[in-house]
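The chain below stands alone and is given in C-alpha cells; this is the form predicted on its own.
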C-alpha cells in the first residue's frame, strides 16, 4: 500500500445540494479495464461501510445488468439500494459524455431510499482513457490489476494519471504473472506525483480497508 494522506483534497464536483436544499450524497466513481476487479471492490466496500453509512450503488454494463446482479446475489446491500444502467455504447460515453442515464439513476436512488451518505457509480470495463464527468461524480477511483501487466502505470492515460485514487488490485497474483510491484509503485509515483495509490488484494488480511479509509476521508471532507 502506498497512500499519502497528507495530500488529501476536498471532494469537488456538481452542486452539493439537492433541489430541496438538503445535502446530497457524495458520489464516487470507479472505473478501470475489464476484469480489473471493480465490482469485487465495490462489493467489498459495501460490506465494509454498510454498518456505518447509508449508501447505494449504480452499475454500468453495455448490454446486460451483470454487475448489479452479482451484487444482488452477494447481498452486499438491500436490493432497493442497487440499480443498473445499460449503456448500449462505449462505457466512457455514459460516465463522461452523456451522463443523463447515470445522473437519473443516482437521483432516483436518493429519492427512493435517501437520505444517503454515499453513492458508488461503477463504470463498465473500459480502457486507460476512461474518466468520469465532474457533473456525475465528486471523486474518481481507477482500478487496474497486476495480471494486466506491470507496465500499465508507466503507460499512463487519464485514468491512471488523474484519478483521485489509483488502486493496483490483485497483488496476490504478482508472483504468478511475473509482475514487479516495486516497479509498478515507482511508475505510478512518476505518473501521479502526490496523488495516492493503494496496492490491494481482496484475498489478503486487510482487503479493501485502505480504500475504505480513503472513502471515509472523502466523505469527511464532503460533509465538513
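Positions refer to the first chain, counted from 1. This one's a predicted model, so the numbers in the text were calculated from it and none came from an experiment.
Same protein, other form: the form predicted in complex with a small molecule, not shown, and the subject of what follows.
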Which one, 39, 48, 191, 179, lies within 4.5 Å of the small molecule in the predicted bound form by heavy atoms? 39
Can you work out whether residue 125 and the small molecule are in contact in the predicted bound form, taking contact to mean some heavy atom pair no more than 4.5 Å apart? yes
Residue-level question: is residue 35 within 4.5 Å of the small molecule in the predicted bound form, judged on heavy atoms? yes
Is residue 52 close enough to the small molecule in the predicted bound form to count, meaning some heavy atom within 4.5 Å? no
May I ask you to check whether residue 186 falls inside a 4.5 Å heavy atom distance of the small molecule in the predicted bound form? no
The small molecule in the predicted bound form: within 4.5 Å of a heavy atom of each of 96, 99 and 136? no
